[in-house]
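First, one chain by itself: the form predicted alone, in structure tokens.
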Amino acid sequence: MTPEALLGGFTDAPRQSARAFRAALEAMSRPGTLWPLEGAAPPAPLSVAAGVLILTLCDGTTPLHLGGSYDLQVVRDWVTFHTGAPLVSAEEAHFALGTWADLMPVDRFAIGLPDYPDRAATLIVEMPSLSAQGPRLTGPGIAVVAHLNLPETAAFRANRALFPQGFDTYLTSGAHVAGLPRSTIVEAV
């Protein structure tokens, strides 16, 4: 185990995880809005927001896939030490973490079953930046319209066509997160 793996977790786990869980729920409930996340100092290349989501949403019963450039020993050790989440292949994952390129092709992740759409994967996509610009978002949780820079639109449009099945997505950059549930309609601007 790398020494960095022992550092960077929550210092006040009950309070910090409760705040982070609330922000994660708000981000998914209000697609296209940016929410701050704080309390973790994960090893590079993880952003603060991605680290906080992992600490909040993963435990020993939530299989996690680390994509490409995030499948590093220091990240593996950090996740294992702080959450106990089993590290698995993309096909077995409940959560997947990486850049959009790392997670390609996204059709290998679980989209749920017709009777159990909740058995879908949630992707945590690390972005260079997040902004309220880009493709037009409409649907549940959006009063009129929202905008969010996305790594692409085609995959999210195809994902929406699978509704109520499909994957959900958190986009992270620095200390911010935005949610994009499968119910969101994505249109190119």
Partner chain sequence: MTDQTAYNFAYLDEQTKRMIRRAILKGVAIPGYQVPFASREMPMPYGWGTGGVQVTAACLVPEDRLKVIDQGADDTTNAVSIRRFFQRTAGVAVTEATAEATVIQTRHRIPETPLTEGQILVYQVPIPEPLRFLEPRETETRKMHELEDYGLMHVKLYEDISRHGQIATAYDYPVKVEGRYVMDPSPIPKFDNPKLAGNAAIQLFGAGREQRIYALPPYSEAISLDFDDYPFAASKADHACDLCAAPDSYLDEVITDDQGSRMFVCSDTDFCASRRKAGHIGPMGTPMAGG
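The model shown is predicted, which means the values in this text are computed figures rather than measured ones. Positions refer to the first chain, counted from 1.
Missing here is the form predicted together with its partner chain; even so, the following discussion is about that form.
Residue in contact with its partner chain in the predicted bound form (any heavy atom within 4.5 Å), chosen from 48, 127, 58, 34: 58. In the predicted bound form, its partner chain lies farther than 4.5 Å from every heavy atom of residue 150.
Using a 4.5 angstroms threshold between heavy atoms, residue 176 stays clear of its partner chain in the predicted bound form. At the 4.5 Å threshold, heavy atoms of residue 140 reach its partner chain in the predicted bound form. Within 4.5 Å of any heavy atom of its partner chain in the predicted bound form lies no heavy atom of residue 64. Between 40-48, 26-34, 151-159, 127-135, the stretch whose residues reach within 4.5 angstroms of its partner chain in the predicted bound form through a non-hydrogen atom is 26-34. Contacts to its partner chain in the predicted bound form (heavy atom within 4.5 Å) from stretch 69-108: 95 only.
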